[in-house]
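The chain below stands alone and is given as structure tokens, in the form predicted on its own.
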Amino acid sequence: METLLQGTAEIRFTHPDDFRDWVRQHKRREMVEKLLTEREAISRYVADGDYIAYDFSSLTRGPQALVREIIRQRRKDLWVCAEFTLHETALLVGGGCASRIDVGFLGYGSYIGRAVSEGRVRVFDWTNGALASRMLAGARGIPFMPVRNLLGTDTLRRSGARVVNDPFTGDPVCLVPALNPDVFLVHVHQADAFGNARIFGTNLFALEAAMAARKVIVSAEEMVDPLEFRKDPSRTTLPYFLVDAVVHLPFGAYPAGLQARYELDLEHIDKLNAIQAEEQMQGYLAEYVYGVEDHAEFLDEKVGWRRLQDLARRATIREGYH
């Protein structure tokens, strides 16, 4: 196919056959326990230079405890898929972890905007739908996905997409390259020790990203008996054989909320919103990330269980979430 237009962005691309060979060699089908601490999971499965992705954000069901652990372990040169992200990209940049970001939606731009303008992080433009389509292509084992939503936009020119003539209609169509992250992080409502996981409520592309990623780290609000998954397998969002590590992290999405479990902490969100200067960012990281040993100490010393219980009481319990 003749290329009519090509975006200027750098892309992370893996040949589908190479990814398939990697999965064949590394993904295990036997049911083995994968329960780790957050320190063990990040140390074992996230390396400098990795491409990381996660669904949802610092307002709803984001894997915030895992993100803080990545910063705590001072990973470097990460490429982040910001399909729908808010404060966590700013924190990863502030911690010196992220050097490149594929942007679908990048919120709260005072700090991150300054980092981009100063050249401390490079940003490549996409859209939420385009990045989701890239993930779907990666999950399906195909090299690209045709879309139309980028056509006629400046976003296309700043992305890594290409425009070609559709062989069926002859009209221009946009092709977005498949995306196969090195690591997918996801916070779920329930999981078992083998890696089966359930998300209750909305998710963006949890299953597709887990299928597309080389390594998958699940943080779980609640650990349940594996027999619960066998009793009602239709409620399983992620099957065990896609998952590499499971971390039991109650309130692991904090300060985000978790559907039907707890509301987001607006007071803590306001602290994140107030970060504009580098001094403010380093002060926040010193207190809430580097100043604690792990997620449990963060909740105990920096948040408080009374506050967490109040957020849980405010959550709306909807039929079918339990």
Partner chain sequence: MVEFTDTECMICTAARLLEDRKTVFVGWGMPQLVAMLAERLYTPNLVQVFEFGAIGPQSLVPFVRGTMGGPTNVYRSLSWSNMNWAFAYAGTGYVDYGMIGAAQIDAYGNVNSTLLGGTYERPARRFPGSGGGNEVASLCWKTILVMKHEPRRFVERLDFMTSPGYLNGPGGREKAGLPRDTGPWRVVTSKALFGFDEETKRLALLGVLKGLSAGTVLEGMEFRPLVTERLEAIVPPTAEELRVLRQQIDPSGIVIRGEQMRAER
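Numbering follows the first chain given and starts at 1. Fair warning: this is a prediction, and the values are worked out from it, not measured in the lab.
The form predicted in complex with its partner chain exists for this protein as well; it is not shown, and the discussion that follows is about that form.
Screening 70 to 78, 91 to 99, 205 to 213, 247 to 255 for residues having heavy atoms within 4.5 Å of its partner chain in the predicted bound form returns a single hit, 205 to 213. Looking at its partner chain in the predicted bound form, residues Asp21, Leu86 and Leu266 each place a heavy atom within 4.5 Å of it.
Among heavy atoms of Ala193, none comes within 4.5 Å of its partner chain in the predicted bound form. In the predicted bound form, its partner chain sits within 4.5 Å of a heavy atom of Met31. Using a 4.5 Å cutoff between non-hydrogen atoms, Trp126 counts as a contact of its partner chain in the predicted bound form. Within this chain, Leu242 lines the site of its partner chain in the predicted bound form, having a heavy atom no more than 4.5 Å away.
With contact defined as any non-hydrogen atom lying within 4.5 angstroms of its partner chain in the predicted bound form, the contacting residues in 229 to 243 are Phe229, Arg230, Lys231, Pro233, Ser234, Thr236, Pro239, Tyr240, Phe241, Leu242, given in sequence order.
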